[in-house]
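One chain follows as structure tokens, the form predicted alone.
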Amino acid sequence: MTNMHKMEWRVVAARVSGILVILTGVLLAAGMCTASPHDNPVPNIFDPRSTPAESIRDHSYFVLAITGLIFLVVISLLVYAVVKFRDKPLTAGREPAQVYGSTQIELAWTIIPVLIVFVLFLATARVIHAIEDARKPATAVEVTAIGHQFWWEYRYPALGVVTANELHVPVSDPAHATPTFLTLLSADTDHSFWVPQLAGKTDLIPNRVNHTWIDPHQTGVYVGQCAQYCGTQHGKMLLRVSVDSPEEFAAWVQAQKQPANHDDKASAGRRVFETTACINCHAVGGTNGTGRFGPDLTHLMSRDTIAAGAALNTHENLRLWMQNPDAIKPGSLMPAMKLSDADLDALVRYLETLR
């Protein structure tokens, strides 16, 4: 075998190796996506727990099947051409036969792609129509979700509840459907509401009202985040959806309607809250804090996380968040208040009474 032929076989081997590496990467990614929640903390788009997410999953399988078949056909033809028509000693240096004006070939590579795109378009339009035009039953829970830099505000107009970052909804029994319909607004720039196991992405755009809905079939906590770059801390604009049983959801609503807890032992901390710039951004029921630039803190300790999911809601993290927000979430737009240690401890003790 000549050096030229050895070089050609090395090129072929390199191309085949590259294809195998790509296939291995695809299989590994698919394995991560299909792992069980206990094995993989990443939200699993192939494990839907809500009707919109199920429709998207089923459509994804259909698209993957078609594109996978196209991939196999193209790769097979490529491998066949590489092996069959490689340069041979008898034809070295000769130009291969040229084919011009083949009507059949030109029709095939024009009509077949058009038909494939048309089928994918119709299938996608059907799924979009089924999700976007779903009927809202009288039993639906209505929530207004407002995207801020960099946190989520949730308002339940019919229930008189305001909370942040952790959305609570009832499980939707198919026999007694209680879906949650969300009105999506933005307070500043573009955001995108995305909880992969419950629904697809829907943007929140300034001066525009968008909508989405979910009907979770299983209780539990489902995680998601803003899927539209909205600034420095876009990556830590997380959200949690707690799907509760009807009894748990009713109890949560009742607790959220209660006024803020006022503990005389934490009066010093309340005084710190009411006499600093905290009240310009945050609200606590029953105090002079009525700000809306930041999350409502009336029931802060009922939430599992702080800083839009960036840290667990523990004493240590809460104190650090008050002392130096940038230590947890750089660029979060929450200023460090420069409090003394005594005032900081008093403020944290007060916030920990807000359940």
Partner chain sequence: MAMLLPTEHIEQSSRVPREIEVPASTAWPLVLALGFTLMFAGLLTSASVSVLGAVLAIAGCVGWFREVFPHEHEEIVQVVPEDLSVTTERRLVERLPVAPEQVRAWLPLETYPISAGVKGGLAGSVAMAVLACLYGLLKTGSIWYPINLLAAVVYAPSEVPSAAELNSFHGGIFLIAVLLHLVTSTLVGLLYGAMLPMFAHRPIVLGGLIGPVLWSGLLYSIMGILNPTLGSHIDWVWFVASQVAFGVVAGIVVMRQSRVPTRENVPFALRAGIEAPGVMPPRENGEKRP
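Since the model is a prediction, treat every value here as computed from it, not as a measurement. Residue numbers count along the first chain shown, from 1.
This next part talks about the form predicted together with its partner chain, which is not shown.
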query	finding
Sole residue of 177, 159, 268, 123 within 4.5 Å of its partner chain in the predicted bound form, by heavy atom	123
279, 250, 140, 119 - the one with a heavy atom within 4.5 Å of its partner chain in the predicted bound form	119
Close approach of residue 255 to its partner chain in the predicted bound form, 4.5 Å, heavy atom	no
Contact flag, residue 264 vs its partner chain in the predicted bound form, heavy atom cut 4.5 Å	no
4.5 Å heavy atom contact, residue 218 and its partner chain in the predicted bound form	no
Residue 87 within 4.5 Å of its partner chain in the predicted bound form, heavy atoms	yes
Answer range among 271-279, 159-167, 241-249, 95-103 for contact with its partner chain, defined in the predicted bound form as heavy atoms within 4.5 Å	95-103
Sequence-ordered residues of 104-119 touching its partner chain in the predicted bound form, heavy atom within 4.5 Å	104, 105, 107, 108, 109, 111, 112, 114, 115, 118, 119
